[in-house]
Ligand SMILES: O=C(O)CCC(=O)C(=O)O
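Here's a solo chain for you in structure tokens, the form predicted on its own.
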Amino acid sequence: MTEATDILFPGAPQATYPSVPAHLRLAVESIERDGWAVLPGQIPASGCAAMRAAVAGLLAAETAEIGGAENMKRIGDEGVSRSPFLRDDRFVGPAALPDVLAVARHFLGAVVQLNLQRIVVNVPGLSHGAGVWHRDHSYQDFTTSRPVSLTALAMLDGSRPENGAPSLLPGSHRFEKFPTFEYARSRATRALCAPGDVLLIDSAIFHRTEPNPGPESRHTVVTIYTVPLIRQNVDYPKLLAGRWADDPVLGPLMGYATAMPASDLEYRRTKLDRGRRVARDRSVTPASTPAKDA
């Protein structure tokens, strides 16, 4: 039997991704069409082990800050560490993975902003707040022509049915309304990843964490990237107090380039410091004549 050949009807337009590195083109197209893709082998085994080992200490410190485990349970933050990179530099790594940022820049543009980072520990036998169908921006009941936000889930233990691999509803990032549950049950798919893989999704896709049947907890580092028109989850430039401000990758990512000024005067001083003009007088034609701010 002759195998089918990849032939397109003459003259039919076809998608191309010339600006995307060749090894990421399938992932980009999968996110565009299906809402998700897996980027394999992004974090080495040693890095996964080191971050897993740090989780208990992070959770203990944050639990103490909020007044104990009962308070964490009351606010639905059991097994959640927020902004771990502020306490432990090891978690900067998952936020700045080159392949993840390359895909993010393709969709979001040159200025990609870190919206939030958290660790989620899915403990066997315990329900989790993300176990309901949701989008990663809770009040987004609309769709956009391209993503305004991407979510990267770095799987430190991998994800499989045995440890509660998340479910996704492919294509749902293109529809405002959640479908019928009958449709969702028939179309949902599980995201299967090896340890160190990153599940990268359009944040508008409907997804949920499935129960973990055990016996081991599943650790995930969740990082959300947005276009700068969406505010950050917390004021990272203020919390970092200048740290990484001059780093060409981490500075813009942490929001230094798009931080909200406290006043119009600060806005103007920031522009002077950066030598940046947001608009130019197009009526000035001689190349030697300096452009003026609008």
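Keep in mind that this is a model prediction, so the values were computed, not measured. So that there is no doubt, residue numbering starts at 1 and follows the sequence shown.
The form predicted in complex with the named molecule is left out here; the points below concern that form.
> Report yes if all three of V120, M155 and T209 come within 4.5 Å of the named molecule in the predicted complex by some heavy atom, otherwise no.
Every listed residue reaches the named molecule in the predicted complex, so yes.
> Within 4.5 Å of the named molecule in the predicted complex, heavy atoms considered, which of D88, D136, D99, E78?
That would be D136.
> Which one of P147, P166, P94, P84 is close to the named molecule in the predicted complex, taking close to mean a heavy atom within 4.5 Å?
Comparing distances to the named molecule in the predicted complex, the residue within 4.5 Å is P166.
> I'd like to know if S172 sits close to the named molecule in the predicted complex, meaning any non-hydrogen atom pair within 4.5 angstroms.
S172 lies outside the contact set for the named molecule.
> Within a 4.5 Å heavy atom cut-off, is R218 in contact with the named molecule in the predicted complex?
Judged by the heavy-atom cut-off of 4.5 Å, R218 is in contact with the named molecule in the predicted complex.
> If we define contact as a non-hydrogen atom of the residue within 4.5 angstroms of the partner, is A130 a contact of the named molecule in the predicted complex?
So A130 counts as contacting the named molecule.
> Using a 4.5 Å heavy atom cut-off, state whether V222 contacts the named molecule in the predicted complex.
Judged by the heavy-atom cut-off of 4.5 Å, V222 is in contact with the named molecule in the predicted complex.
> Hey, of 178 to 186, 68 to 76, 102 to 110, 201 to 209, which bit sits against the named molecule in the predicted complex at 4.5 Å between non-hydrogen atoms?
Heavy atoms within 4.5 Å of the named molecule in the predicted complex occur in 201 to 209.
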